[in-house]
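Here we start with a single chain on its own, the form predicted alone, put down as structure tokens.
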Amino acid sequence: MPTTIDLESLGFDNGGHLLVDRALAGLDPGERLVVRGRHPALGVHLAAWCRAEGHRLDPDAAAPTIVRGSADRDRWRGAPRAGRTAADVVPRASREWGLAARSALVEPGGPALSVDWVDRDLVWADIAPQLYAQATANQWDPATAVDWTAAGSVPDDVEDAVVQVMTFLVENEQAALMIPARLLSRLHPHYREVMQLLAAQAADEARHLEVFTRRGLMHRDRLGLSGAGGRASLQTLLEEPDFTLASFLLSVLGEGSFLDLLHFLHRHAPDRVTADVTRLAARDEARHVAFGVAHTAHVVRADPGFLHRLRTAVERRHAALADTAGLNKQVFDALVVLAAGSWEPAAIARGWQDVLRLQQAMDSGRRRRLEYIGFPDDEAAALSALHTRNFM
């Protein structure tokens, strides 16, 4: 006895095919489905629909009867899944999956993705999902997270120092925005947690650009000086094509040192707005550093020989910057002024020493991160010493 469904007055022009599809899903090819209904065009619609879907109507049946075909199942026969489950992050993602979601059944024949990084171990860190969750939970609005009315009165020469430092921060943050934006565009979306984290990182840097620019222009109509050496240092980051090497140079070495700088500026901020923007930015930057360290360590655990490539990247960057001046003199002096808090000789001496201690703290932090990744302590010290004098 064939299966029977009754569409009543429902036609194929307003959803009747859904009920027919549902009934056919439980039948095997060659089995029959009787379709009853009162819609005046049911016979015409049913015949056209069967031709389109690879079924046929039995011409000898008394009532409209579909003989189930196999075209719909043949279409998906041999189709791969983009991972066994939504939690299955495969070692190598296929470009032929295109933009299919993880664990989806992928119909063959679609366009292949033009992406560079399809291997999990070249982009992954187990901490990525946790860091992304933290990033989304800790987003902040520059308009409300900072009390822009609390700038207070800052002496003109101290304000000049703030403006110069903010100019330097903006320059660095522009590079830190461009790099994750470039990386995520070349990453297979199967590794979506990493892609989402990079997108959040880019959004973080966009906010930092906004607040540092706004603080720099709070009492001035233009920013400070941009040194050629600083821009050359940042350009070497932009030109690094490898995912892990770019992440290592930017986040492990550069943003790690930058994080120490933000803590320094927060401690020596001459007003509440400066303290707030550096505190908020530091909270974000800590996540960026955490991913860079975790990812680079993941790569080294999978391939200890990768330490050689990391070492070479540091040495190559150092050689490229050997003829540059390093940290802009105006930036260094501005940091001394902010740390000093006044122009008294004793205060300037304290400020000078504070900046030297900042550089020592940066070096110690880089060495710790390099050792965590897998470098011996003596090699970590040597590589840290080769890091750009421009901090980032």
Partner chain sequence: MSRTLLLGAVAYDPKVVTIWTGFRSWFAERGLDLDYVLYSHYERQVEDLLAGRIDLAWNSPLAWIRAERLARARGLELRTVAMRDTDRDLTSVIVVRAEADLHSPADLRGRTVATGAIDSPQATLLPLALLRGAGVAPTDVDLLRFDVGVGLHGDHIGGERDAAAALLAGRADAACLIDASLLLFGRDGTLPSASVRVLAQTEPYDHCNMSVGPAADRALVDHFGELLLSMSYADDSARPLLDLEGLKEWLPGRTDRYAALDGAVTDTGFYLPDGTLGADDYRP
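Bear in mind that the values here come from a model prediction, so they are computed numbers and not experimental data. Positions refer to the first chain, counted from 1.
One more form of this protein should be noted, the form predicted in complex with its partner chain, which is absent from this view; the next part is about it.
* To do: Report yes if any heavy atom of P241 sits within 4.5 Å of a heavy atom of its partner chain in the predicted complex; otherwise report no.
  => Residue-level check for P241: no, no contact with its partner chain.
* Exercise: R84 in contact with its partner chain in the predicted complex, heavy atom 4.5 Å -> Although its partner chain is absent here, R84 would stay clear of it in the predicted complex, with no heavy atoms inside 4.5 Å.
* **4.5 Å heavy atom contact, R75 to its partner chain in the predicted complex** => Although its partner chain is absent here, R75 would touch it in the predicted complex, with heavy atoms inside 4.5 Å.
* To do: Consider G305 of the chain shown here, and say whether it contacts its partner chain in the predicted complex, taking contact as heavy atoms within 4.5 Å.
  => Output for G305 is no: heavy atoms all beyond 4.5 Å of its partner chain.
* **Proximity to its partner chain in the predicted complex (heavy atom, within 4.5 Å), stretch among 22 to 30, 340 to 348, 354 to 362, 51 to 59** => Every other range fails; the passing one is 51 to 59.
* Consider the chain as shown here, without its partner, and state which of D157, D126, E107, E315 has a heavy atom within 4.5 Å of its partner chain in the predicted complex. => Answer to the contact question: E107.
* **Interface residues of 10 to 32 toward its partner chain, as seen in the predicted complex [heavy atoms, 4.5 Å]** => Sequence-ordered list: F12, D13, N14, H17.
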